[in-house]
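In structure tokens, the next block holds one chain alone, the form predicted on its own.
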């Protein structure tokens, strides 16, 4: 089975047998990977009916819900890990989402596209238009992304929300870089995507 590179970084961060909530789980591929590779006890939340149907067809435990509205359904410390893979930028209130993650899980794993990547900056500089790239494939008026940010932006938000940054893994295409704990240096310029492992303070 082939999968996205950020899934590999997420898989590496999940302990064997962990209780995991995958928010915005789409068709459940990451849930299946975590169950198969780590023996994780995984539940999913997905807003689209098609995604829910795909998960159910695979025998996965999923509920239909909106992360902006429905995370209150979960009890405090209900999970060891809460995952948002390529999802947080599509939510209405990312800061509120982070507050909920801190409540319901011991750690959060978040992957997101980096609007600070050099190709995005160059496109804005030369063309003066919002970029269309592999990681940002839709035009500005068709994208599901509501809150595009850079790696540095998300570092600031995570810390403001009471999280300690355990690691940041840069991702370019199918290649994972070395995990690091800070967003300094060139990571904000060179990483197309980043996977954050966060722990509440």
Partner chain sequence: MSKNIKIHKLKNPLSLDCGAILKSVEIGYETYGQLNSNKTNAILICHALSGDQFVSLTNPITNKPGWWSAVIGPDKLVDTNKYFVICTNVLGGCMGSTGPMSEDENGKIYGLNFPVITISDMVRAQNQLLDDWEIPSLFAIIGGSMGGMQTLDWVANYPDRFFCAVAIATAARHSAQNIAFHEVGRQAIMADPEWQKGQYIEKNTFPNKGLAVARMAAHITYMSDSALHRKFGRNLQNRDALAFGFDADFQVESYLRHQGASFVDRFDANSYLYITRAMDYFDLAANFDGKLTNAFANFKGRACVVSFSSDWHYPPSDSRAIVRAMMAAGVHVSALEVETDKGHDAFLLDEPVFHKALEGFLDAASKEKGLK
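Positions refer to the first chain, counted from 1. Predicted model only: the values in this text are computed from it and were never measured.
Omitted here: the form predicted together with the partner chain. The next part is about that form.
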{"property": "Contact of residue 58 with the partner chain in the model of the complex (heavy atom, 4.5 Å)", "result": "yes"}
{"property": "is_contact(residue 63, the partner chain) in the model of the complex, heavy atom dist at most 4.5 Å", "result": "yes"}
{"property": "Heavy atom of residue 53 within 4.5 Å of the partner chain in the model of the complex", "result": "yes"}
{"property": "In the model of the complex, residue 43 touching the partner chain (heavy atom, 4.5 Å)", "result": "yes"}
{"property": "Which of 122-130, 109-117, 74-82, 93-101 lines the interface with the partner chain in the model of the complex (heavy atom within 4.5 Å)", "result": "74-82"}
{"property": "Option touching the partner chain, based on a heavy atom within 4.5 Å in the model of the complex, out of 27, 37, 70, 153", "result": "70"}
{"property": "Heavy atom within 4.5 Å of the partner chain in the model of the complex - the one residue of 160, 139, 49, 174 that qualifies", "result": "49"}
